[in-house]
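Shown next as C-alpha cells: one chain only, the form predicted on its own.
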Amino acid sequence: MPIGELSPSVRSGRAGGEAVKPRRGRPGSRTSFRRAGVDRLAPYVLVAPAVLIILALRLWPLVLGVNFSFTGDGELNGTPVGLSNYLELAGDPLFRTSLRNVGLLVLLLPLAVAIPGLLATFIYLRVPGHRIYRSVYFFPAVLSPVIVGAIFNLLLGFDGPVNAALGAIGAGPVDWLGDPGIAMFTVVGVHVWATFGMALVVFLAGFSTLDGSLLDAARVDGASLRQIIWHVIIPSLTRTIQFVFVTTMIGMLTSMFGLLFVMTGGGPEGSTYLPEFYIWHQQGQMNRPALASAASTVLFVVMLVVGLLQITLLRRTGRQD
C-alpha cells in the first residue's frame, strides 16, 4: 500500500474489521441515571422564572390585599375588624347592583364569544375579502377605552347620529346611556365591539391546528355550514373555546373601567356599576382602602368560581360530543 494512503477499514472507521461505536451509558449506569435526573429537572428550571415572577408580582400582593381587607379604615386603619368590611359590602345597594351586573355579563358571555368565533370561522373558510376583514375586525382592539367611550358618547347621545337615523325610519329616539334599563347593555355592546378582535386572533390561531381533511370529508359528505361548525369545528377547537371563554370573562370584569368612567360614570342611578368601578370609587373617592380590598377579594373569588364553572361545563360538553 502506498505511503499516506489509508486502508478501507481505517477510512470507514473500522478497527480489526469492526466498527468503533461511541460509548453510551448502559441502562442502570451512573451516567444514565444522571442524564435522566437532568431531563426531569429541566422543565422545572425553565418554568421557575415565570413562577417566581407570578409569586412576587401577583400572588404575594393578593395575600396582602386579603389580609388588609380584615382591617379598618380611617381611625381604625390597620386595626383588625374581622368580617365588618364584608358585612358592609353585603348591605351596600351599590355593591349588590355591581354583583347583579356580573350575573348579566355571565349571561351575555356566550354571545361575546360566539361573535368572534363565527367571524373567525368565515375568515378561515376564506370568504371574499377575508384578509381585509381580519385587519378591520382587529382595529378596535388597538384603540384606548377612553377614545372608544368618547366616540360612542357622540354616536349614542340623545341627539346623536344613531337616534337621528332611527328618527329617519320612524322609530323614536332611545336614551342609550341615560335609561337605567338599557345603559348596561349599551356599555357591554361597546365593550364587545372594542375587544372581540383579540378573541378573533386567538380563534384564528386555533384554526391553524385544525385538521383540514376533516373539513374536506364533511364537504364531500354534503354537510351544511351549520353542520360543519357544530360537528367539526367546535369539537376540534374545544380548548381554544375554553381559553376564550375564560379570558373574555376576565376582560369583562376587569377591563371595562375606562368605558364606564367615560360613558356613564357608574350611572344612571348606579345601574352600570361593576365591582372594579365600585373598588375605584371606594379607594379613590371615599378613601376607604380596606373596604376596597374586601371588594377586590370578592371579585377575585367570583372570577375564580365563574372560570372554574365555565371550564367544567365546557369539558363536559366536549365529552358528550
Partner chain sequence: MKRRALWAGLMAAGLVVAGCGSAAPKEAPSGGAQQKLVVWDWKSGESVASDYIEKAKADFAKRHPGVTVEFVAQPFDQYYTLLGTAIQAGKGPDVMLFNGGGQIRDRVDALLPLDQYVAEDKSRLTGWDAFSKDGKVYAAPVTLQGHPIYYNKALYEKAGLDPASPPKTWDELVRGCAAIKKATGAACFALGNKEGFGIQFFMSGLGSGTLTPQEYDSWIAGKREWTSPHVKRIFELWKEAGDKGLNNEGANSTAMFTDIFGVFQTGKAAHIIGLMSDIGHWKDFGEFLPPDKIGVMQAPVVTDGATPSLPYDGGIGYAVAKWTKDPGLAAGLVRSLTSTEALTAFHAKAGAIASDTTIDVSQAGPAAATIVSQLKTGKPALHVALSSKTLDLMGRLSQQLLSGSATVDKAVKQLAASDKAS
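As the structure is a prediction and not an experimental result, all values here were calculated from the model. Basically, rigid core = biggest C-alpha set you can superpose within 1.5 Å across the two forms. Residue numbers count along the first chain shown, from 1.
What comes next is about the form predicted together with the partner chain, which is not displayed.
Counting any non-hydrogen atom inside 4.5 Å, which residue from 128, 170, 78, 212 sits next to the partner chain in the predicted complex? Flagged contact: 78.
The unique member of 36, 42, 59, 48 whose heavy atoms fall within 4.5 Å of the partner chain in the predicted complex: Of the candidates 36, 42, 59, 48, 59 is the one lying within 4.5 Å of the partner chain in the predicted complex.
Please state whether every one of the three residues 63, 268 and 289 places a non-hydrogen atom within 4.5 angstroms of the partner chain in the predicted complex. The answer is yes: all three residues contact the partner (heavy atom, 4.5 Å cut-off).
Segment that reaches the partner chain in the predicted complex - one of 219-227, 201-209, 247-255, 170-178, heavy atoms within 4.5 Å: Going by heavy atoms within 4.5 Å, the stretch is 170-178.
Can residue 240 be called a contact residue for the partner chain in the predicted complex at 4.5 Å between heavy atoms? Looking in the predicted complex, residue contacts with the partner chain do not include residue 240, since no heavy atom lies within 4.5 Å.
I'd like to know whether residue 264 contacts the partner chain in the predicted complex, with contact meaning heavy atoms within 4.5 angstroms. Close contact exists here: in the predicted complex, residue 264 approaches the partner chain to within 4.5 Å, heavy atoms only.
Is it the case that residue 158, even though its partner is missing from this view, gets within 4.5 Å of the partner chain in the predicted complex, heavy atoms only? Yes, residue 158 lies within 4.5 Å of the partner chain in the predicted complex.
With the partner left out of view, is residue 136 within 4.5 angstroms of the partner chain in the predicted complex by any non-hydrogen atom? Judged by the heavy-atom cut-off of 4.5 Å, residue 136 is well away from the partner chain in the predicted complex.
Any chance the CA of residue 271 moves 2 angstroms or more between the shown form and the other one, core superposed? Comparing the forms between the shown form and the other one, which are aligned on their rigid core, residue 271 does not shift its C-alpha by 2 Å or more.
Taking the rigid core as the reference frame, tell me whether residue 258 has a CA displacement of 2 angstroms or more between the shown form and the other one. No, the C-alpha position differs by under 2 Å between the shown form and the other one.
Quick one: once the rigid core is lined up, does residue 179 have its C-alpha move by 2 Å or more between the shown form and the other one? Where the cores coincide, residue 179 shows only a C-alpha shift between the shown form and the other one that is less than 2 Å.
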